[in-house]
Structure formats: C-alpha cells, structure tokens
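This document starts with one chain, in the form predicted on its own, laid out as structure tokens.
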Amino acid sequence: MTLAIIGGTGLTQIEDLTIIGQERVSTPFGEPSAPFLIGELSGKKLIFLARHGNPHCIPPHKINYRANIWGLKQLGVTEIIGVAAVGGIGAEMGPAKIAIPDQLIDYSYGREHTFFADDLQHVTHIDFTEPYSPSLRQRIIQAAQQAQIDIASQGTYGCTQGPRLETIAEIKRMANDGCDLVGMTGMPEAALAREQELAYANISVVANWAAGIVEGEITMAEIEKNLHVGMANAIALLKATALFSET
C-alpha cells in the first residue's frame, strides 16, 4: 500500500518528512496543484501534495481536483488522507480540535466533479453511501487513541464553494442539515478518489467557530493561531497513523 497526504491550508509541508524526490505528472485533465513530493515519514514511504499549491495560491474553487487524484493514482497510491482546515459548527468542534468525519454534504457548485463525463461506453454510478473509507478512518482513530491524541471520531463535513466564508444564515441552514464542520475542499476530492477506487479519509482541523456560533467577526489572526496548534496535532496524528499501519 502507498499512502498519500493531501495538505490543505496550514499544511504545505510536514516536519520530519524526508524528501527523496519529486514527480511532475501530466494528466488528461491538466496540471496538478504542485509537484508530488516523494518521501518517508516514520519509516513509511508516502507521497505529499500541497492542495493549494506551494506557495499557497490556488483558491478552493480553482483547485484541479481531477488532476490531483489522477496523478496520485498514476504514482501507485492506494490510500489518501486529505487534511483540511475547517470551521466548527457542532458543540464539540471548537478551535484547534481535530475531527475525523464519517459523512459529508456537498454545497459546492460548478466544479469538475467526476471522471465519468465524456466518451463513455456506459453511464457509471459509484456507491457513496459512506464517503470515507471505513478501514482507513478506523486506522486513523486507533492511531489517535494509541498516541493519546484528542479527536472527534465522527462528524458531518459540509463543503461550501468559497473562497468567502459563510453567512450566519448559511451556517444555521448547515446546522439544521446536520453538519458539524464546514470546509471548502472536501468535495469533489472524496468522490473522485472513490471513482479511482482509492481509499480516502479526511482529517479536519478546526481553525475557527463558523459564522454566528459565537459573537464577533472571524479574523485571519484567530485562524492562524488555531491552525498553528491544530496542524501540529494533525502532523503528530499522521506520524502515528504511518507507524500504526505497519503494526
């Protein structure tokens, strides 16, 4: 098995990832966000991709999700962990919290969201009942328990279009829909991985309370402070998962 990590806002590199080389992959869908970094973490080979590019310059709605997933498949990846900064909606999803969602709702629009669009021999439907791989999720959860890293082991991720943050009314609607987290990159990444038969799970790092959950405006200073703590814990969890997968 070859593991890939797609890093989002706040995770353009991983401390202790030994870089062996990098690969540029041409795809039928255009260029991926960045070169794929080939390395080792906790003694395990993995591939790292900066979702927003490096430097961080590609907004969520402009990411070439199809090229990213296609490129990882071509490099022999079998499992993907997507790391993402999110807003907290549910009561347990406070700033700097790490969550491993088990469900999602897609509110995004206008994105190239499938490989099954053109020149088809037949129409293809994927089962997306459980959008995240149960076995990969469980491995992350068990690694967190073993490493004593505090996480929320389930939750529903709501994917919005971005790049703007949401209104209070939008967050109220999402809460009524059952969303615990709000992010901008969870889809179509998860569905495209399923189409390519790749195991996929998400590590969400809460950067802030979503609009209207607490009083006051959301500031970038607040987000950056919370991400500094949350991403450090996320990296520790990635290391623990890499080690756990070999046991």
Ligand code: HPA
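As the structure is a prediction and not an experimental result, all values here were calculated from the model. The first residue of the shown sequence is 1; numbering continues from there.
The following text describes the form predicted together with hypoxanthine, which does not appear among the structures shown.
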Inset, instruction - Using a 4.5 Å heavy atom cut-off, state whether residue 183 contacts hypoxanthine in the model of the complex. - result: yes
Inset, instruction - Examine residue 141 and determine whether its closest non-hydrogen atom to hypoxanthine in the model of the complex is within 4.5 angstroms. - result: no
Inset, instruction - Answer with yes or no whether residue 77 is in contact with hypoxanthine in the model of the complex, where contact means some heavy atom within 4.5 Å. - result: no
Legend entry - residue 69 within 4.5 Å of hypoxanthine in the model of the complex, heavy atoms: no
Inset, instruction - Could you tell me which of 98 to 106, 142 to 150, 128 to 136, 159 to 167 sits within 4.5 Å of hypoxanthine in the model of the complex, going by non-hydrogen atoms? - result: 159 to 167
Inset, instruction - State the residue from 193, 210, 203, 179 whose non-hydrogen atoms include one within 4.5 Å of hypoxanthine in the model of the complex. - result: 210
Inset, instruction - Give, in sequence order, every residue of 82 to 104 that has a heavy atom within 4.5 Å of hypoxanthine in the model of the complex, or say none if there are no such residues. - result: 85, 86, 87
